[in-house]
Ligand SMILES: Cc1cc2nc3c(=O)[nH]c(=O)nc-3n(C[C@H](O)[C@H](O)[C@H](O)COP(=O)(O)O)c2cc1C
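Below sits a lone chain in structure tokens, taken as the form predicted on its own.
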């Protein structure tokens, strides 16, 4: 039997010992996604194939296996791309800087480069695709056929998490591929969570204004690059599958959907087709998202399904999002490397940039630049905040080109702290990601830029031990819990203070002013699921929870309020809950020997609030 694209890739992964097959029947409700969530946090995560997914609640046994964690690690991700993402970036850079060739060999070299571009545009086939081997229409087109997962216990239902969402403009001249979560309402309806800034939302507005139904096709499976292209920050109007052609050096081959006019890749595993009535919106969510928090219930469009088609032996592909690290770490790494040359067209003095996974990507960016004049870093900050998806970045830290590697976090942190001054901090406002919860209102909030490109600062802080500082702080903070100092050898030591929140962090900040000679940067966290000795998760929490215009103070020392906001702070929105695993599910999987998860891992990545005794 001829294997599908995804089957072929999984077989190759197995031969390389990069695939872990779980044959024991596992529930699509929590069990499968919880196992994938833990796997992504292991030292050497693998791609997971669940051969026997079941729905315990409804007594369903699925013939269709589930694959998760497809972008399992750096090695697997590079293999999927066929080369290192930096090599792809180099090709893009060469194309962006093409000059008139000199001599015969120069002309031949350019001709070769341009000839390769013939593979970029997708190619439409006139026949049906492998993905249309089996066709279900009408009532037979039921989502109940698919092992759609419920990831978190407080999710609004089951969600498709790796759907390739294909849409087009009203006039049909622009096509878009996006990656959006899709809530299963019932057997024949899906909620489409495309946020207001996304291209599909723009197309939706066109259909709504015209009073016409909008066609949508959702593909699942096929080559993993399809889904990566769906989250790539392509300019408006450019079809993301052109990027597939550029990377793979072969055209994406498309076939027409059965019941609408949208084209989808011929070799995906599953296609869900339908139409959206723009006059009908429905509550979608909540959902434990990639921020590590539940996102709220909001109104979104609804897809009425007209057909479901599959390959002969389809595989259902899914992902899990929540607290880092997860497979989006590796997808984001590829995006970061490949799109560097395009970002450099706007900021030519940008040397490199990096988005740490525990900064949840849009919450924190590190950037290295070749500074040429005073205020250069501030200029690039504004350029970042005005470029495509970079405009969603909340916090940007800039260093000069002589700084350590942006992924050498310890050394780089020392470098920044030794050059940080309040004058080098820029606080402004702008658009923010729709999933951000820290600002007083949705879509707009504070931005913070740090210019650490200057000279080394003198060490003027009078550092005292944690024990002595704890005694002095606790005498001024009645609800004090714990503190820990970091980087005390630098010009700007960091002190993390945890307290039970009965008053604002700003009040505590002011009460600590008499201790200013011992303090340079103070981060306030509350009692909610924090550990002052866990810097990885503290970074995740801090950059999620602050709005720079409200939560950062610069004198007489730098204060940062990373607490859960409430009415004490004048915050009137609903603060979201942490995304946590169900402890009973984790415990059960551990006892059955299915999951490799000890107490240390649970604590390190705050998988849930309860430490288990096993």
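Bear in mind that the values here come from a model prediction, so they are computed numbers and not experimental data. Residue numbers count along the first chain shown, from 1.
Missing here is the form predicted together with the named molecule; even so, the following discussion is about that form.
- Of the residues given (394, 181, 323, 541), 181 alone sits with a heavy atom within 4.5 Å of the named molecule in the predicted bound form.
- Of the residues given (492, 77, 319, 358), 319 alone sits with a heavy atom within 4.5 Å of the named molecule in the predicted bound form.
- The partner is not drawn, yet in the predicted bound form one stretch among 194-202, 267-275, 80-88, 503-511 has residues with heavy atoms inside 4.5 Å of the named molecule: 194-202.
- Using a 4.5 angstroms limit between non-hydrogen atoms, residue 232 touches the named molecule in the predicted bound form.
- Remark: residue 176 counts among the residues lining the named molecule in the predicted bound form, judged by a heavy atom distance of 4.5 Å or less.
- Shown alone here, residue 436 lies farther than 4.5 Å from the named molecule in the predicted bound form, counting heavy atoms only.
- Contact between residue 130 and the named molecule in the predicted bound form is not found at the 4.5 Å heavy atom cutoff.
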